[in-house]
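Just the one chain here, the form predicted alone, laid out as structure tokens.
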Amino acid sequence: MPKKIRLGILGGGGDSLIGVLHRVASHINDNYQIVGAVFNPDFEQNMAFAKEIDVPTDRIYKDFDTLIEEEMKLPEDERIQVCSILTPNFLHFPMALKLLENGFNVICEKPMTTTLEEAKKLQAAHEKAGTVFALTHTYTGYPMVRQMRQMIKNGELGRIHKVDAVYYQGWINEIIHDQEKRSSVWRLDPKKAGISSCIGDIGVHAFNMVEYTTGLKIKSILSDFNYLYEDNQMDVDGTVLIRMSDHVKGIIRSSQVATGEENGLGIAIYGEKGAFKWEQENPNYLYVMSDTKPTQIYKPGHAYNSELSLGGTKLPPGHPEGIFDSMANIYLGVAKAIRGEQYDSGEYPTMTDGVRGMNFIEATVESNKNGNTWVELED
């Protein structure tokens, strides 16, 4: 059994949803051990949180720069091998860049950066570093999403006609309708969140889901945003028409003000031979539809699933697996890459997905700003 990979954590302290998701995911397959961190910018809170979750405090640092400086003094076989970046969006780029420049592997929350220009700079640094970089589009870790990808790759839908991806949430309702709250939350602050809230936070997940499952690249988009209030600078709802070719088109619908919705990510893919439907809130069911046969339901863990799907299943059929397991599958793929083991290209999203995501986000903002016009994405 190989030694556990030495993991560093940046952000994600306290009651952070992303923090607990990453920590639990890193432990599920017994591949990682947290050895150093900056959980919180307040050092006292940082230390207190480390003690609360039983992480040794000798490598809990006062800030990110100190973590880099002190870790680089350690022998290579003791140093942090990979750092997970779980901070607000505006810190992703500077942290990832410095980590890459110092030879660290990186696991980064999305969006990867706040601009496409930053994303390209990070891509160049990654190519120079030659280390592993993973972007946590968490939902690509679900076994049934991976099953869709493989079945489409095998031609089971035939030529794809139409794609309909949706990601609806309602959580921002309690903030957006209060002027004081919407002026103070970081997700609605362009300086901290970047140029987009709804598309940048959840719409980009739907975009990634389309390209991950179909294997097709979105070539152009037309978007229409809703800001709800004149003093709000960030989109909280967006509808995006997408073109993958002259005869393959679709739509991405995303909203943070869809009242009553929780985490409604879903995708439907329609082809000449059949169709797939999948929903994140019921992730263990993949609906396989046809014009000539009854609808089938594929479930995880069965021998009829692909190797890629089965590789992300830890329990026998009938035992539900969820979001922690999905993220754990991404961490598992990264562990294989760090150790130089063989892995499938679908096991974790890469730097390329991060650049594509930022290209999509900027294109949607441009399209909406220009009066809902078609905008080409870069190849």
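Note that residue numbering begins at 1 and tracks the sequence as displayed. It should be emphasised that the depicted structure is a prediction, and the values quoted were computed from it without experimental measurement. So that the term is clear: the rigid core is the largest set of C-alpha atoms that superpose within 1.5 Å between two forms.
Below, we turn to the form predicted in complex with a further copy of the same chain, even though it does not appear here.
Within 4.5 Å of any heavy atom of a further copy of the same chain in the predicted complex lies no heavy atom of residue 338. Heavy atoms of residue 356 never reach within 4.5 Å of a further copy of the same chain in the predicted complex, leaving it off the interface. With a 4.5 Å cutoff on heavy atoms, residue 297 counts as touching a further copy of the same chain in the predicted complex. In the predicted complex, residue 73 stays away from a further copy of the same chain, with no heavy atom inside 4.5 Å.
Here the chain stands by itself, but in the predicted complex one stretch of 101 to 109, 83 to 91, 117 to 125, 265 to 273, 265 to 273, has heavy atoms within 4.5 Å of a further copy of the same chain.
Only one of the listed residues (216, 228, 152, 185) places a non-hydrogen atom within 4.5 angstroms of a further copy of the same chain in the predicted complex, and that residue is 228. Using a 4.5 angstroms heavy atom cutoff to a further copy of the same chain in the predicted complex, all of 261, 291 and 322 count as contacting. Contacts with a further copy of the same chain in the predicted complex, taken as any heavy atom within 4.5 Å, map to no residue of 62 to 91. After superposition on the rigid core, displacement of the C-alpha of residue 150 between this form and the one not shown stays below 2 Å. Once the rigid core is used as the reference frame, the Cα position of residue 230 differs between this form and the one not shown by 2 Å or more.
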